[in-house]
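Take a look at this single chain, the form predicted on its own, given in structure tokens.
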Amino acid sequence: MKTINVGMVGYKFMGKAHSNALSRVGMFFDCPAQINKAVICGRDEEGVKKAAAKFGWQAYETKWQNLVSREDIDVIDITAPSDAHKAIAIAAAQNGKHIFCEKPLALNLDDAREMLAEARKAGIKHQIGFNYRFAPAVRLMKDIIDSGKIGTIRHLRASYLQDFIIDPEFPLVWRLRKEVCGSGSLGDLGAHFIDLARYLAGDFKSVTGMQKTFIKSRPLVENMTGLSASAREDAARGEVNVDDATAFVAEFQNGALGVFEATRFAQGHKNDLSIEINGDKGSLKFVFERMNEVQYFSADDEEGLQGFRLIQATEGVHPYMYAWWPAGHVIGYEHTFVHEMYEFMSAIVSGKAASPDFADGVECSRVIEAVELSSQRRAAVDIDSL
């Protein structure tokens, strides 16, 4: 069996999620490769050393430049903040490494296109971390749509609602600095439903958007882990230069209409990603906070007995569930990362294209940029114009 040596850049929120996934793939799936968590990389030597021991990595580096040039590394897994993606990915591609990169692919569309071009030039496998595609319930929705059961898609509506920065004294974390993250709620949250919309309903044709920044300045951050952060009481303040909330409408290439909302100011919503698709023969609903469930309406049901039915996507016939537990024994957020890592490693061994890949990342960046441009112009923007 082939051994794949992985080097990962970043060791916090996504670093932990990816480390766990890499450890679990071979335990639950018949992975065609032996995954070796070889080297983890981070700038803070004390922090990355602790992470290496805790997450089960064999060694650590403090410079990603050293990591991507190591001959004993086959895959570079990028979980660092968005401003680091381009340089690391291009260097990794030029060193012949396969690349897994968290979303969004880059700070802007031009950088995303450059990353895709370098990956294709190098002939390596490349995948982007749109993990919500890998929830069994979402895969079931895709199967239902592709089977024609809901007919021609007419409407799609999606939202991603959080409230973790609603306190005006919450610190100025990197997700609120455009030079580091590229985009605010749109790129952080909206990127996920943009990808799900493309995956389930096809490509966008045009968008019309608006954006709002509610809190203009925040105290400078002292410590951050995941979505938690702290600042000194006497901390200076810095400018918030990304959107706190974004809303847009869209037309798809197939003629369907879409309505979208991303915000981190929805009190009471912790990680509320939802998507609904209406066709002329039926409808589907998915809410991530109930991630094992799909609601399905079929117009073919007997008159008088029609209504949304609840499907628990936890049986062995549902995507990926054959590898986990008996029916009704639900899985969680972390399992989506196991599924995407399984698919990526399988693509490397089989030689088939990984999916979603950097081309999907480029298309997502194209929609993000179009929404931002539309908000500035206060007018619709055609996706093909970018």
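All values reported here derive from a predicted model rather than from experimental measurement. Numbering starts at 1 and runs along the sequence shown.
We do not show the form predicted together with alpha-L-sorbopyranose, though everything after this point is about it.
Engineer: Contact between residue 175 and alpha-L-sorbopyranose in the predicted complex at 4.5 Å, heavy atoms?
Structural biologist: Close contact exists here: in the predicted complex, residue 175 approaches alpha-L-sorbopyranose to within 4.5 Å, heavy atoms only.
Engineer: Would residue 188 count as a contact of alpha-L-sorbopyranose in the predicted complex, using a 4.5 angstroms cut-off between non-hydrogen atoms?
Structural biologist: Yes, residue 188 sits close enough to alpha-L-sorbopyranose in the predicted complex that at least one of its heavy atoms falls within 4.5 Å.
Engineer: Within 4.5 Å, heavy atoms only: does residue 162 come near alpha-L-sorbopyranose in the predicted complex?
Structural biologist: The answer is yes: residue 162 has a heavy atom within 4.5 Å of alpha-L-sorbopyranose.
Engineer: Hey, in the predicted complex, does residue 217 get a heavy atom within 4.5 angstroms of alpha-L-sorbopyranose?
Structural biologist: No, residue 217 sits far enough from alpha-L-sorbopyranose in the predicted complex that none of its heavy atoms falls within 4.5 Å.
Engineer: Please tell me which of 312, 223, 271, 241 lies within 4.5 Å of alpha-L-sorbopyranose in the predicted complex, judged by heavy atoms.
Structural biologist: Result of the distance check: 271.
Engineer: Can you pick the one in 103, 133, 85, 126 that has a heavy atom within 4.5 Å of alpha-L-sorbopyranose in the predicted complex?
Structural biologist: Only one option qualifies, and that one is 103.
Engineer: Name the stretch: of 162-170, 232-240, 69-77, 296-304, exactly one has residues whose heavy atoms fall within 4.5 Å of alpha-L-sorbopyranose in the predicted complex.
Structural biologist: Of the options given, it is 162-170.
Engineer: Counting only heavy atoms, which residues in 12-38 are within 4.5 Å of alpha-L-sorbopyranose in the predicted complex?
Structural biologist: The stretch 12-38, when checked against alpha-L-sorbopyranose in the predicted complex, contributes only 13 at the 4.5 Å heavy-atom cut-off.
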